[in-house]
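The chain below stands alone, shown as C-alpha cells; this is the form predicted alone.
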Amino acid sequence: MKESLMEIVCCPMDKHDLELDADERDDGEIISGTLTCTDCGESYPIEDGIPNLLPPDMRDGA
C-alpha cells in the first residue's frame, strides 16, 4: 500500500482517521503493519501490501 493512501482511507466502522504503524517498508510501499482508528481504536492489518479494512465481524470469515 502506498503511504499516500492515508489521505483517503478511513475507519469503516465510524469513518474517523486511521493511524499507521508500519512494520515493513519497501521503496515507498508499506508491506506490513497496522492501521488503527483514532476514535474507536479498532485495528486493521496490512499484509503483503494490502490493507484489510473489513469490519472485524467480517474479517474472521474472509
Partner chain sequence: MPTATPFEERTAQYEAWFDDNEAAYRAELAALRRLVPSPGDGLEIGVGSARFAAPLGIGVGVDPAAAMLDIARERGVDVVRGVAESLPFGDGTFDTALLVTTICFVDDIPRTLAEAARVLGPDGRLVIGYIDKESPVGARYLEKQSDSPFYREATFVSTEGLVDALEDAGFSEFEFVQTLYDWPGEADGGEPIEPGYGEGSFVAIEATR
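Positions refer to the first chain, counted from 1. All figures in this text were calculated on a predicted structure; none of them were measured in a lab.
The form predicted in complex with its partner chain is left out here; the points below concern that form.
For residue 50, a non-hydrogen atom is located within 4.5 Å of its partner chain in the predicted bound form, even though that partner is not displayed.
By the criterion of a heavy atom within 4.5 Å, residue 54 is counted among the residues contacting its partner chain in the predicted bound form. Its partner chain in the predicted bound form comes within 4.5 Å of a heavy atom belonging to residue 15. Under a 4.5 angstroms non-hydrogen atom cutoff, its partner chain in the predicted bound form lacks residue 22 among its neighbouring residues.
In sequence order, 5, 8, 9, 10, 12, 15 are the residues of 5 to 22 having a heavy atom within 4.5 Å of its partner chain in the predicted bound form; the partner itself is omitted from this view.
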